[in-house]
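Here we start with a single chain on its own, the form predicted alone, put down as structure tokens.
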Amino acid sequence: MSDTLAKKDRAAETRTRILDAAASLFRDKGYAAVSLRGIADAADMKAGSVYYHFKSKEEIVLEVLNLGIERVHKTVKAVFDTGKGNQENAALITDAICAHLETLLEHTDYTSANVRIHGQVPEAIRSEALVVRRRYEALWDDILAHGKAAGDIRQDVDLKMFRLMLIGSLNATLEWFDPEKGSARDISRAYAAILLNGLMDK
């Protein structure tokens, strides 16, 4: 490996260390209580080293917010791209729900930080982060529209309202999830059964 590639790898590893430390702190303490010095201490490095990789706390928090959503987006999109041509829509939506929740819980520091501090960050940061969030919401709009176009979802269902309820319910799982009481996949399937089949026995 050349010296240039080795330096790039080390820089990438250091950035990841900083972001991992920041995500954990934002998750536990919220936005206002976390400082660059605190992030540096948590990453076991000097504050000046953090400034070498990030210009500000705002730059760090934006990346943490975006990474949390982008990782979930990537996994759910892969499920949709693979299944939309050869799966029944009920199974496809169920698999997408599973992908969202399992990825959410796998990267819990980032996703929990996103859920906790999104409303706490400065308006300018929140506006920038909304670009990534809206892109993920649009993916779910596509998934649900695919099912509706095929006639598998009732025409009177407000898909935006359903998507808001779905993502909100999945994200709220971070607050109470206990692997001893059921796996993410089991919980996902239970969500899907209720959301797709309804509650009342008519």
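Note that residue numbering follows the sequence shown and begins at 1. What you see is a predicted model; the values in this text were computed from it and never measured.
What comes next is about the form predicted together with the DNA, which is not displayed.
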Does the DNA come within 4.5 Å of any heavy atom of V34 in the predicted bound form?
yes
Any of the heavy atoms of M45 lying within 4.5 Å of the DNA in the predicted bound form?
yes
Do A11 and the DNA come within 4.5 Å of each other in the predicted bound form, heavy atoms counted?
yes
Looking in the predicted bound form, any heavy atom of W176 within 4.5 Å of the DNA?
no
Name the stretch: of 150-158, 52-60, 129-137, 165-173, exactly one has residues whose heavy atoms fall within 4.5 Å of the DNA in the predicted bound form.
52-60
